[in-house]
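Below, in structure tokens: the form predicted on its own, a single chain.
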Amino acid sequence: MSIAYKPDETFRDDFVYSNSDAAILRFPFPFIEDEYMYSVNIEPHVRGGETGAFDAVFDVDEHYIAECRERAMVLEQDPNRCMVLPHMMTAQWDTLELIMESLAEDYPEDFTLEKDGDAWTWTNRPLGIKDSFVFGDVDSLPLEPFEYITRQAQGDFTLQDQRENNLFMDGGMVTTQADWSLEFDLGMSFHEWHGPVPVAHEINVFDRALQYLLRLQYGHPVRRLNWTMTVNPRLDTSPENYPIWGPDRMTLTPENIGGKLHLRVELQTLFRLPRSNAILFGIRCYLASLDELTSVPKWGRRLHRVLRDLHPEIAEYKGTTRYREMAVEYLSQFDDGEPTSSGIGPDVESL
């Protein structure tokens, strides 16, 4: 597949960012029905599905080059956005192998992995990278293996070590997160890092999710969608930088909300790693403005209904309280009251 990259996009300052029609139609719209409540909503992560974002193991799209540049900028400002505890080195190599093999298989025009025993050569054409190294030898790479390869992938990644019948976040590359901190959460157990989430604990979502993940098998990855909303197409909405992005919420008006308010969707993927038995948790972030989403009639209707009827505690946790009424009012013009089909697909082939 040939990808028309948009290398000049920016996710800060002047926000030069938009989705092509093709990118809108492949957007992983997260709502399967006209209302939203937490659920485990996990399904097998196989190639293919209701959105083109599911066509590859690790999705690469038109924003790839710009997102990798943004990641490098964040890491230059704050190197602690990538941290891995020492006992996770085997999981680092597991991650490198999984991402390299998957990208080379799904995007052979852009990525190549050549192997001669433990002597590997990796070529990343969009980023102009070509490195030969010895698999398992940290000194043969310019960076530790986890940081090396996740700098070349879209979205965030965390490493969960499984022990004591629990999962512990013992590593991560986190530069595009929705208001949580790797440095704060590093080493926490599954329930500890999910502690701030309201309502879900009361309905035992996380108890069931943990038991499911502890049984995750190698070769059978799973995925789910999560969402929040972001003012401006800003990837780095970390608590460390809240003074930078927090005031954005005050800039919304009824006149500009369609272009400035973005649905922020996480395609979350979980892989059991073969040597370490750790779990790699991918958190791929997608951004689309209300104007872009409402170009798909089904999504315009559904997003209006979801936000209008959202549970108050969930609305507060998602950070929508300040502008939700404004967003609902804006979206109401795209809701003609017609029924919507089940599932997340756009129901149209062109815009």
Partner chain sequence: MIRHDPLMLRVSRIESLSPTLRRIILKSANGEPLPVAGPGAHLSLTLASPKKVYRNSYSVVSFSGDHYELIVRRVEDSRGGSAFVHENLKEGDLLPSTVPLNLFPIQVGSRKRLLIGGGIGVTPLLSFAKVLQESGDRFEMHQFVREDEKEVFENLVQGVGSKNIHIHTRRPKDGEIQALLEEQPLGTSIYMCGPDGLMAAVDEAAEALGWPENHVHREVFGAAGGKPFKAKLAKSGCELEVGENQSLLEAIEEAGVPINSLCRGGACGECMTSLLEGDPEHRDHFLNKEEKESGKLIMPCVSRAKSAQLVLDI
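Positions refer to the first chain, counted from 1. Just so you know, these numbers come straight off a predicted model, no measurement behind them.
Just so it is clear, the following notes concern the form predicted together with its partner chain, a form of the same protein that is not shown.
- Stretch 213 to 221 is the answer when you ask which of 213 to 221, 243 to 251, 121 to 129, 257 to 265 has residues with heavy atoms within 4.5 Å of its partner chain in the model of the complex.
- Scanning Thr228, Ser140, Gln162, Ser189 against its partner chain in the model of the complex with a 4.5 Å heavy atom cut-off leaves one residue, Gln162.
- Residue His45 is the only one of Arg308, Arg69, Lys318, His45 with a heavy atom lying within 4.5 Å of its partner chain in the model of the complex.
- A residue is said to contact a partner when one of its heavy atoms sits within 4.5 Å of a partner heavy atom; Trp193 fails this definition for its partner chain in the model of the complex, lying far away.
- For the chain shown alone, Pro274 is a contact residue for its partner chain in the model of the complex, at least one non-hydrogen atom being within 4.5 angstroms.
- In the model of the complex, its partner chain sits within 4.5 Å of a heavy atom of Leu98.
- In the model of the complex, at least one heavy atom of Ser102 sits within 4.5 Å of its partner chain.
- Heavy atoms of no residue among Arg12, Arg324 and Leu351 are located within 4.5 Å of its partner chain in the model of the complex.
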